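Next up is one chain by itself, shown in structure tokens, the form predicted alone.
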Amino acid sequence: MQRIVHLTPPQFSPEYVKEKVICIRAHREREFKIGCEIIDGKLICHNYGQGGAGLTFLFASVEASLCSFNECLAAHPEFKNKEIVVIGAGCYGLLTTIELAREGHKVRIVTSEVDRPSSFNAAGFFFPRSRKTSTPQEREIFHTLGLASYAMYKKIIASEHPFISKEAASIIPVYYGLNIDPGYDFYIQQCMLEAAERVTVDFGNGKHYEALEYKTLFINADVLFADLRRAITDLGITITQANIAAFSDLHESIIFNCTGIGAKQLTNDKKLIPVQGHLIMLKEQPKLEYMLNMQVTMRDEQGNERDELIYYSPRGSGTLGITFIRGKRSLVPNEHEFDRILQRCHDFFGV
């Protein structure tokens, strides 16, 4: 007999809404951009394009970027012992800077956004699915990077990371719709995850759904960013706020490009697509230790049916979402999209 999972739905009437957030993800078609090149006498180390899965691939992507950098230094010794600048203060820029400083490099950060970069708005899902258009070789890169990052998160949970606290990650139940592939098959084959169990999710108010239950990572972005920023402070690393229009604006001869969507201007990368996202941060919620990712069908303003997603994660007091609007780069609040999230959550959760 199929197991019934009784879940408490979140509360999201106006008095429970803390903040409505809009952000732009840097989504690169087919594969991420990780690697080094020499441009106009500068060594440029790229690490961007993970948009929508930035925390998922964080640790292995930064490690791959640093490996590429060290290989380039070996081939071009004229760059050894040169000062380094990292562009971007999201999770990639911060972690890259910390690791460089821990290796003994002199490094600083330049960023256009200090307090709330796009990656700060991550809901916290571990979602390692490769791009639909990726080649088999590119999908293998997703597997390699995802598996290595997952292993690092497991070390964090076990209190085995030198500067990230164990509260930054945890293993909790995650419920996916039957038509959503989160990319976990490879992890199950590697015995990193248990196989999913088909269950009935019951919210106790007449709303119930078939779902696949996984026990997998919740990444607490609030804790992770606090730990990264603490490490930056402890290492005495300076952060300068500035808009960088070209690599030539910087005097350093070694540049780590962790700009996210800013790489579109810096590199003219035609594979980099802005994806607009909306999230609703909640307040005064009971502690709901689960995540949920379901697809529902809604009608747009023209009456056309459109598949949309419902996210719930326990980040903060609870986070609802989400939108993935390709090609949109505006940070102007779109109340219509927030209203749509709330409406479909009302229909789905029954509250």
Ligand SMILES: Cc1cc2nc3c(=O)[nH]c(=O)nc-3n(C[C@H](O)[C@H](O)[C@H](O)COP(=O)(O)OP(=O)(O)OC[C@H]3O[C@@H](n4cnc5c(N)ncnc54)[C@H](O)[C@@H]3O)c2cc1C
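Sequential numbering from 1, following the sequence displayed. In this text, all values refer to a predicted model and were calculated from it rather than measured experimentally.
Not pictured, yet referred to below: the form predicted in complex with the named molecule.
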query: Any of the heavy atoms of residue 23 lying within 4.5 Å of the named molecule in the model of the complex?
result: yes
field: 4.5 Å heavy atom contact, residue 266 to the named molecule in the model of the complex
entry: yes
- request: Using the partner position in the model of the complex, report whether residue 69 sits within 4.5 Å of the named molecule, counting heavy atoms only.
  value: no
- prompt: Hey, in the model of the complex, is residue 97 touching the named molecule, heavy atoms inside 4.5 Å?
  reply: no
message: On the criterion of a non-hydrogen atom at 4.5 angstroms or closer, are 170, 224 and 314 all touching the named molecule in the model of the complex?
response: no
query: Out of 220, 111, 216, 149, which one falls within 4.5 Å of the named molecule in the model of the complex, going by heavy atoms?
result: 111
- prompt: Given that the named molecule is left out here, which of 212, 244, 273, 141 has a heavy atom within 4.5 Å of it in the model of the complex?
  reply: 244
query: Heavy atoms within 4.5 Å of the named molecule in the model of the complex: which of the stretches 282-290, 24-32, 302-310, 38-46 has them?
result: 24-32
field: in the model of the complex, residues of 55-90 near the named molecule [heavy atom within 4.5 Å]
entry: 55, 56, 87, 88, 89, 90
